[in-house]
Structure formats: structure tokens, C-alpha cells
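A lone chain, given as C-alpha cells: the form predicted on its own.
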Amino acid sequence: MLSISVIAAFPELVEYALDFGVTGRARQQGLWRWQGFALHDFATDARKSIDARPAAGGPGMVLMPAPLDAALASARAWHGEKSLVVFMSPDGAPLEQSRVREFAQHQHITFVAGRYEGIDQRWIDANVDAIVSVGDYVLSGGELAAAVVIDSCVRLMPGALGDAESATFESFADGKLDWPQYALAPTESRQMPAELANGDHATVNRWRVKQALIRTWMRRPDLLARAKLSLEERAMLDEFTETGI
């Protein structure tokens, strides 16, 4: 079972986001468990303070180390052993599918959601194993970002998806985007590509591979620069770039 804890000002945001669909079903099936640790529960003053003014001045507030220390100690006790500590921050490394697969190999993960101007750097230096960003933009807090990473990890667990091949044949699984999808709806009168309707598996597979290459070339050429394409795939891409077909 995958065990995930979340240290945050508002961990209930994470629970609500993950209570539906794949992650909700997987949790009901006992494939993973989670526990939130609200920082205000670990504050020691009457006002339940978890933040303080930045050292040397400046705007906003900074999460203090002491409540984070107490929350992490409780999370470790809940896990029963040391967990990987992942800090969600816009200045972290961009999240990629390869990193998701790496996280999914761990049995115990603690996500730490930042708030306000961030977290005291001394605490980060002492406790954090990885700093991850879900994009070059700023959220009000890291709770929703943590939910994104947790969702991407849970769906890789055996049994989480209805079709085990869904995690294999999708965007980023092999360094390319997914091919266009069409619903086999009996009442739909609009035409779909002829290659999908002729019943020949080889034709369908070739069409899908080529369309995935074209979509990646048009939308995310940076992925192709890193992808290991076969000679056949390179020929397909050259055919499209030279003829537009």
C-alpha cells in the first residue's frame, strides 16, 4: 500500500480533490492511504500562529520551522518509518512523468505545501528531499499542487486504472504526446479517420504512432528533441514535415 501524508495549512483541500474518480476508487480498494497534518494543529501559541514576518523585512509572511517540525514528526510516526519529503514550490524542478514514476516507486511520501511567501529555508535544508513545481505560475498555496502529484502517482499503481494499458498508451509514457482519440458512439454521424474504421490492426497502429508524432511535433517539439525515435518513426515524421500528410 502506498502511504501519503500531506503537511499543509489546509490539507482538507487535498482530501477533497482526491476523493473522486481513480484516486477515490483506489483508496476505497485499499491501494493507498493518506493522512493530512494541518499546521495550525501544531502551533504552540494562543493565536495558533504558523507564520512570521520575513527576516530583514519585506512583504508577506513565512511559515515558521517549529510547527513544521512537529507536523513532520507526527507524519513520520503515522508512516511508521522515514518517508520521502517533497516540497511543492513554484521554484522547484518542473514535474515530468519520469519524476512521477520515480515517486510512485516509494512506499511512503510526505508532501509539504507552502503558503504565503514560502517556508523557512533552514527547515527546507534540513528536511526536504525534493522540490517540485507543477508549472511556471503561482498558486495561493501548495495544497492543490500536491493533489496533482498524488493523483499522477496513484494512477500508476497496479489495479488503480480500469485498463492496465491506459497508463502505458498515454501522453509522456514514451516521450511523446498521445494520439487523437475518437469515441465509438453509435449515434454519432460525424466522420472519423478512415484508418480507424477499416479493422486492420497494423493500419490502426501505424496511424496512431504517426498522429502521436505529428501532435508532439506541433505542440511539444521539445519532447521530440529528447525522445528516442525508431527509424520508422523518423520516417513517418519526415513524411509529414515534407508533405504535410
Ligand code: ADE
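Residue numbers run from 1 along the displayed sequence. Note that the coordinates shown come from a computational prediction; the quantities given were computed from them, not determined experimentally.
Beyond what is shown, the protein has a form predicted in complex with the ligand; the following relates to that form.
Although the partner is absent from the chain shown here, none of Ile50, Met61 and Gly118 has a heavy atom within 4.5 Å of the ligand in the model of the complex. Shown alone here, Ala126 lies farther than 4.5 Å from the ligand in the model of the complex, counting heavy atoms only. Though the partner is left out of this view, Ser83 does not reach within 4.5 Å of the ligand in the model of the complex, counting heavy atoms only. Using a 4.5 angstroms limit between non-hydrogen atoms, Val138 touches the ligand in the model of the complex. In the model of the complex, the ligand sits within 4.5 Å of a heavy atom belonging to Val134. Checked against the ligand in the model of the complex, the residues Ile109, Val154, Ala75, Ala145 give one hit for a heavy atom within 4.5 Å, which is Ala145. The stretch that touches the ligand in the model of the complex, counting heavy atoms within 4.5 Å, is 85-93, out of 98-106, 67-75, 85-93, 118-126.
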